[in-house]
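Quick setup: one chain, the form predicted on its own, written in structure tokens, and binding and motion questions come after.
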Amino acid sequence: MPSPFDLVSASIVAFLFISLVSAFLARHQRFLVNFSSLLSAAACLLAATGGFLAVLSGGVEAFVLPIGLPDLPFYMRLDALSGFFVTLVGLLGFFVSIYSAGYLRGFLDRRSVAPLIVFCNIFMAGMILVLIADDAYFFMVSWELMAVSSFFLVFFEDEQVQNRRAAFIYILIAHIGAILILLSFGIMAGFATGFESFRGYTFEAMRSAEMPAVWASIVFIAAFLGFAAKAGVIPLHVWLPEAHPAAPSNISALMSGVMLKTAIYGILRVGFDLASEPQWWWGGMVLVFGLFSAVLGILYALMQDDIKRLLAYSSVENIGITLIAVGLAMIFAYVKMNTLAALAMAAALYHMLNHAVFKGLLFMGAGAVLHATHERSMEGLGGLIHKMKWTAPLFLVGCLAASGLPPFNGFVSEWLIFQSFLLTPALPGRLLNLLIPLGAAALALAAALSARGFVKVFGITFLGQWRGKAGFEAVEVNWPMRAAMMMAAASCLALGVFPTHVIGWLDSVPQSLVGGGIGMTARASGWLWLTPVASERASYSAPLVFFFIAFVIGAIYLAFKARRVNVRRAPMWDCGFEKVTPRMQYTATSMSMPTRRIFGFVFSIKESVRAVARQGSLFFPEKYIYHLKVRDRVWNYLYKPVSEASFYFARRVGKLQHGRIQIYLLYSFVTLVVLLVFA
């Protein structure tokens, strides 16, 4: 039987093979779509199976690939932590591969899909290589492979100016983050074997290095900021709401669902494995960044009328929720509360798995809406529940899961994070005892706002009347797209109804990172009850909740179905005025107005109303034009000044280019004179 490492390695080879062959099949577009989707789905199944078995066994497999630079081979390692993230990549990649078989057909009459397929498979291979890399050199090579391939995916529809801008911002921040990651690796390698040798570049050498507390903290801060730039943590998030809407929807699902998780993997790998033991203030810093990202991310999402931008900002919120749990795990690990550290770590891992599934489903649903209507703005949608009778309920499942409502998966992971807060005893230090309840309150606020945001996105998009172009008829998407969304929706339900099995599977990860687990206590009362610490402290029965909700819905349906009274349909009564038009409905802008009034200080808002006078009348305007512009204050205060200063200095330096050969020869002559003088 092949080992887990063999399965994961085979998936990488398969992805690279698909990308190579796809370049030669560019003339056969329809065959290329079917061929690449089928093989990509098989490669993803290999990766998911290998990662699943690696977590299940809790073992470690290592391999040295002698193809790097001389005396610098590539070290690879598959353990429980990397296996968990490989499972995420493979699982969502499998759904997206099936989805792509139908989604990519929409590009066949407009442009070649060969570049998209080539770079998508390189992107998948790059993510998995990042997760199994066991030395700094191979990690950075894989990290750049993932970043550059995803840059070309964001850049795919390059005829649009905003897509080119989004790709540039993304690659710029990605490389700034890569520099910080490389700096942290360099410091650890130096303490591993000394700066006169390259032998310390392996992760194994870094694990055994002894670093002073100050240098360990510098390493963690540099690594955290570098990975936070890739994860979209506020204030390093500005690329995310630009890049995810610009990319094709199948790529948006992968970037939001799993690429962001590779950054969380990096934080866990450095913070719990490579650097010294976590300090309490490391956890406090991660917790604070997570709280700001969770609350501000969902507030920014509520202001959006672009469905993909709203989902992108929602990813910022969910990354923040994950970091909250990671920060709690670091704090508990520092004070040697291993059970609570394991609980917080399991909650973080579970939420990453849940987010990968439901956010992949939501982006695939958004792609289905865009595929059917060619419209991303919710202001031009509405009433799609009557036209897209498959997409609407599947998208609703994703909205319920993302809102953290039972019996779906989002509720379980957020409930576990709340248990991490609520079961916390008194911690050493007043600051921590103040931060914990404030963090719980902020998480509750983010959860409530998230539910409001997804009520908005589903209600405005699928309910009401059509507000788009007159005469346009939306049609349901094809079966491959529906099948992928159905599998993702079923996964949301399965992960929500059977949490004890999932926690028992992933328990080897907290065992390896924090020296404790909750698998035994979580399943102490059987599969029917989830008891994270002890049954007398807290318990949750997902199957009973599911059966109760199903019973209530079934009873209501049968009660109405059994009525013998015929339903009488009549025009809607609206205060005596029956001619209700689509313009009278709530819009995405009007629905976000109360939130905008309460939290307006968070945003940079420009709001104006202009009356257009009716011809021949000064007192009765023909119409009012309302204009609203909501901008991110982080961009205005942090990034815009740097951008303007860069362009200012670039223009000044550009004046040196006169276009005259005499001036350039003079520059060369002056340079030679200066060099001779100093020589």
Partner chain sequence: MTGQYYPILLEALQVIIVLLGAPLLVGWVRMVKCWTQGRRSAGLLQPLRDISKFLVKDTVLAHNASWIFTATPYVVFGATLVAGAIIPVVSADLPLAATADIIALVAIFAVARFFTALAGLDVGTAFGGMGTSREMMVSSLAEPAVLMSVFTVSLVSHSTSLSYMVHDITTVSFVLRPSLAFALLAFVLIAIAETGRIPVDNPSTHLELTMIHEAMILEYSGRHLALIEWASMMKLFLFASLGISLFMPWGIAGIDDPGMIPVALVALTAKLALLGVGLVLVETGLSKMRIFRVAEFLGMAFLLATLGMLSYFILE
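Keep in mind the model is a prediction, meaning the values are calculated, not measured. Residue numbers count along the first chain shown, from 1.
What comes next is about the form predicted together with the partner chain, which does not appear here.
In the predicted complex, the partner chain stays beyond 4.5 Å of every heavy atom belonging to V609. Heavy atoms of R537 reach within 4.5 Å of the partner chain in the predicted complex, making it an interface residue. At a distance threshold of 4.5 angstroms between non-hydrogen atoms, Y557 is in contact with the partner chain in the predicted complex. Contact check for R110: every heavy atom lies farther than 4.5 Å from the partner chain in the predicted complex. The three residues F35, P248 and M255 each lack any heavy atom within 4.5 Å of the partner chain in the predicted complex. Just one listed stretch, out of 360-368, 405-413, 101-109, 231-239, contacts the partner chain in the predicted complex at the 4.5 Å heavy atom level, and that stretch is 405-413. Though the partner chain is absent from this view, in the predicted complex it lies within 4.5 Å of a heavy atom of just one residue from V475, M520, V214, A570, which is A570. With the partner removed from view, the residue among S604, N338, S590, S525 that has a non-hydrogen atom within 4.5 Å of the partner chain in the predicted complex turns out to be S590. Residues of 519-555 placing a heavy atom within 4.5 Å of the partner chain in the predicted complex, in sequence order: W529, S535, E536, R537, A538, S539, Y540, S541, L544, V545, F548, I549, V552, I553.
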